[in-house]
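This document starts with two versions of one protein chain, written out as structure tokens and named structure 1 and structure 2.
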Structure 1
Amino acid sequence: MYIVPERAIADLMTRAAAFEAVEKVFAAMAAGDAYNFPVVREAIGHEDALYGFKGGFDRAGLTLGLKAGGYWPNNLDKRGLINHQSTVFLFDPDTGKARAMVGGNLLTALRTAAASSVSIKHLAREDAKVIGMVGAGHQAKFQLRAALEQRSFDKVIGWNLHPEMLPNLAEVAAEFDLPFEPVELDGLREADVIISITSSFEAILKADQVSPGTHLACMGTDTKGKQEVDPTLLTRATVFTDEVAQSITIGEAQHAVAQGLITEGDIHQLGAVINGAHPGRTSADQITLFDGTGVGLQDLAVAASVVDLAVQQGIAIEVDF
């Protein structure tokens, strides 16, 4: 069995490699060649932590495994550790033997950013110039870097509940030689693309704060009860997701479906757009919304890519297990 520790991931996995892995697995899911297992996610009653498992099997890529981990909200203040902690385990689909254990923290950040950037590539208007961010935490920096590589943006705008965190967005904008402007939520009407990446449990962005033609990537809602946008916004948009079953139960669409505003049949797989089975955006004034719930197959895809690179470069630690 190979072990690829967290400290080795930064030198192995690039944004481009994460993008390619996620795009391929979304396509495999839509083609019926890969599927996710039901998600287990629980409050464990200790340290206010949420802990769970996401797994799946990709027949096309012969990737089998799971990610274990979750959210420990007290880590940063108490221990100087990031709040999200996870590990990916890969198994040989032919024998069931453990193949690899891979540090999952940076991989989770990269694959989450890759998912929203894949949605921008396939759904945002080609002439999109202004990108808006709702949220400015640790993950927002990953999201913005990946997104800025998908269109020729000329401006970044952003809102955060705690404005003192907005310099995170300004820092990334500066890396791309772009101006950054803090805005109130109403100011997001200027955006052609909006990424929401928060841990909110109530709607932040209202339907009338989104202009026609906007593409939204809602990336923060991955648990029952979480919510980032007004459910009526989903009635104005063509809704896409990574996994429909997760979208309606733990994703942004859970609220619109529960209120009877949309049905499961109104939600489309992003992979179908990648495969050409769905046209995606069909007009310049159409609002498109990607409900990124985060699927186990994303984690497995990027982890498998890392293991291959680690073995090639002699970085992987091999143990008899």
Structure 2
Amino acid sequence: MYIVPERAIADLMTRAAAFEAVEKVFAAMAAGDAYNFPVVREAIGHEDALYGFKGGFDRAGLTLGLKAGGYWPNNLDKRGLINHQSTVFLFDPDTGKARAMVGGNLLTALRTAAASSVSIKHLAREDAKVIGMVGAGHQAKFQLRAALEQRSFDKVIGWNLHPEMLPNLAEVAAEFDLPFEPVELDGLREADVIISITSSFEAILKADQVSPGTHLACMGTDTKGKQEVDPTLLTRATVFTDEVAQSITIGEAQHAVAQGLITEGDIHQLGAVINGAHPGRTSADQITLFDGTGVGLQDLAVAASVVDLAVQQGIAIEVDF
């Protein structure tokens, strides 16, 4: 089997390869060729850690495996390690033999950013010029970098609960030679595309703070109870997601569905748009909303892609196992 350590990922994986892997696997999910297994997430009663598995099988890409890991809140303070820790294990679907073990920390950020940028490619207006960020933490930088490649944006605006983190967004805007402007939430009406990527447990963005024609990627809500936008916004928008079952239980749509504002049938797979089975955006003033919950198949897709790159470049460590 191959081992691709965390330290090798940054030099191997590109945003383009992550984008391609995630777009393909979303399409396979919507075509019924790939499915995610039920997620396991447990508070293990040690170090306040949350640990779990996200797995799946992509029959089209022949990718089988799981991501194991979670959140160790004391890592940074006690050990100087990052709090989110994960590893991807891939198996040969023909034999069940272990194929690869891959560092999953950077890959998680890249696959999450790829998901929202796939949604922007397929759902945002072609003439989108202003991108608005809600959130300025670790993931926000990856999100913004990937999004800026999808349209000819000419300005980045952003809001964050903790304004001292806004320089993170300014830094990425500067990498693309774009101006950055901090705004109040009302200022987000100027945005043609909005990405929310926070760890909020209550609605931040109100329905009237989003203009007609906007594409919104809600990426922070990946757990029961988390929330980033006013649920009534989902009644004004055409709602898309990576996986409907996750969207209504742990995604942004959990609140609108629980309140009876929309039903499961109102939520469409982004993969269906990629496949041409759903028209996606049909007018310039439609609001489109992508509820990105994060599925195991995304992790497997980017891990498989990085193993291929590592083998090609002679970087993969091969062990007899």
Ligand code: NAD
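Keep in mind the model is a prediction, meaning the values are calculated, not measured. C-alpha atoms forming the largest set that superposes within 1.5 Å between two forms make up the rigid core. Start at 1 and count along the sequence of structure 1; that gives the residue numbers used here.
Practice item. Mind telling me which structure is the form predicted in complex with nicotinamide-adenine-dinucleotide? Key: Pick structure 2; the other is not the form predicted in complex with nicotinamide-adenine-dinucleotide.
**Study point:** Threshold 2 Å Cα movement between structure 1 and structure 2 at Phe180, rigid core reference
**Key:** Shift of 2 Å or more: no.
Check your understanding: By the 2 angstroms cut-off, has the C-alpha of Gly213 moved between structure 1 and structure 2 once the rigid core is superposed?
Key -> Not so; Gly213 is displaced by less than 2 Å.
Check your understanding: Fitting the rigid core first, would the Cα of Lys224 be found 2 Å or more away between structure 1 and structure 2?
Key -> For Lys224, whose C-alpha is compared between structure 1 and structure 2 after core superposition, the shift is less than 2 Å.
Review point. With the two forms matched on the core, what distance in Å separates the two CA positions of Pro73 between structure 1 and structure 2?
Key: Between its two positions, the C-alpha of Pro73 lies 3.2 Å apart after core fitting.
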